[in-house]
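To begin, one chain is listed below as structure tokens, in the form predicted on its own.
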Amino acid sequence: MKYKNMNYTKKLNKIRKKSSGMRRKEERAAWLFLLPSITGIFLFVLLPFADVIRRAMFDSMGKNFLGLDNFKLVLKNEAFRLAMGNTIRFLATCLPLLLLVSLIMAFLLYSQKKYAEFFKTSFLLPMAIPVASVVLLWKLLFHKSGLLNILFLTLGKPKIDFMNTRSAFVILIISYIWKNAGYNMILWLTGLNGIDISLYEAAGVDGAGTFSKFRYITLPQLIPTISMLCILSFVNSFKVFREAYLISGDYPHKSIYLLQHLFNNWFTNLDMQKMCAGAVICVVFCLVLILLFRKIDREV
């Protein structure tokens, strides 16, 4: 009996060693596949950003160390405050609206299967439209001589210069939601399809209503999806600058003067120390926001 146990232990140890060796081999293969990406990120992202941090603490010639003076200068800059305020206002308005609209669209598609594929394709089409075409559409609709103003004239109302009034901010939000709602809807649908149907059936047997099922089953199961959507929508929100820049140029109406306009103007004027200090402040702001999303995801 003792002899049999010794043989069994030896075989078990052999299997463990073999399993451990295979795991190490797989880990080495994974690192080899990741090496080109890690090298690229280090050379083209991390290393240049380290230089940006260094430049943010020196004068424009890079000779005299100024410490935090450039950061103080940027934080007191009126253009930076306006751009930062507009960007935060844009994010605070767009992200909840986009999540809500895309979630409603996902629920509508989830509840009916007949035309689901057709609507999925239709809602994703705005993502495939080139920025230049979107700008053309904006001009066609919102220009002084555009379709909306022709309609106003027909109704006996005065013309509105949409892109040079506070309406420009609303148009920017509508454009962002129109373009990204389809993509977010697909991600919501992925999350909804991952929820086990038996949970709803069990809740129905216990007498749970539609709201209770959403509150205690759907919402908790969608928490990882919400976190991912928040981060992706946050990153995508910075791309709306292209439309605003192409239609309004370097200095649009102050309600849509975003951080990208400011950095573009600083770059044109070769104001490197302000640009570097501003970039570091923005990266810290973005990191804090992303870490906040992650923390909420872990705690909920």
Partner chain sequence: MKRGLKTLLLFGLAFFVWAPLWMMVTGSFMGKDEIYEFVGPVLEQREGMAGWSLLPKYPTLRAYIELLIDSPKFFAMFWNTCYQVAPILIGQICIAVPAAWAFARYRFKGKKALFLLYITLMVLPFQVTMVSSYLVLLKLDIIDTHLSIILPNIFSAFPVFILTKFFRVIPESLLEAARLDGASEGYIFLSLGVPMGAPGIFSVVILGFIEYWNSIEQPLTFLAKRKDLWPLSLYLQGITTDRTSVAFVASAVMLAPALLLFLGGQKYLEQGIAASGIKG
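Positions refer to the first chain, counted from 1. Keep in mind that what you see is a predicted model, and the values were worked out from it rather than measured. Rigid core here is just the name for the largest C-alpha set that superposes within 1.5 Å across the two forms.
Note that the form predicted together with the partner chain isn't included here; everything after this is about it.
Trainee: With the cut-off set at 4.5 Å between non-hydrogen atoms, does residue 72 touch the partner chain in the model of the complex?
Mentor: Flag for residue 72 set to no.
Trainee: Going by a heavy atom distance of 4.5 Å, is residue 253 a contact of the partner chain in the model of the complex?
Mentor: Looking in the model of the complex, residue contacts with the partner chain do not include residue 253, since no heavy atom lies within 4.5 Å.
Trainee: Should residue 197 be counted as a contact of the partner chain in the model of the complex, where contact means heavy atoms within 4.5 Å?
Mentor: Residue 197: no contact with the partner chain in the model of the complex.
Trainee: With heavy atoms only and a cut-off of 4.5 Å, decide whether residue 51 touches the partner chain in the model of the complex.
Mentor: Because a heavy atom of residue 51 falls inside 4.5 Å of the partner chain in the model of the complex, the answer is yes.
Trainee: Counting only non-hydrogen atoms, which stretch in 226-234, 78-86, 165-173, 211-219 is within 4.5 Å of the partner chain in the model of the complex?
Mentor: Flagged stretch: 226-234.
Trainee: Are 99, 203 and 292 jointly within 4.5 Å of the partner chain in the model of the complex, each by at least one heavy atom?
Mentor: The answer is no: none of the three residues contacts the partner (heavy atom, 4.5 Å cut-off).
Trainee: Using heavy atoms only and a 4.5 Å cut-off, determine which of 103, 192, 109, 94 is in contact with the partner chain in the model of the complex.
Mentor: Residue within 4.5 Å of the partner: 109.
Trainee: For the stretch 125-145, return the residues whose heavy atoms include at least one within 4.5 Å of the partner chain in the model of the complex, in the order they occur.
Mentor: Going through 125-145 in order - heavy atoms within 4.5 Å of the partner chain in the model of the complex - the hits are 125, 126, 127, 128, 129, 130, 131, 132, 133, 134, 136, 137, 139, 140, 143, 144, 145.
Trainee: Does residue 67 move its CA by 2 angstroms or more between this form and the one not shown when the core is aligned?
Mentor: After core superposition, the displacement of the residue 67 C-alpha between this form and the one not shown stays below 2 Å, so no.
Trainee: Does residue 121 shift between this form and the one not shown by 2 angstroms or more at the C-alpha, the core having been superposed?
Mentor: Residue 121: C-alpha displaced by less than 2 Å between this form and the one not shown.
Trainee: Do you see a C-alpha shift of 2 Å or more at residue 145 between this form and the one not shown, with the core held fixed?
Mentor: Yes, residue 145 moves 2 Å or more.
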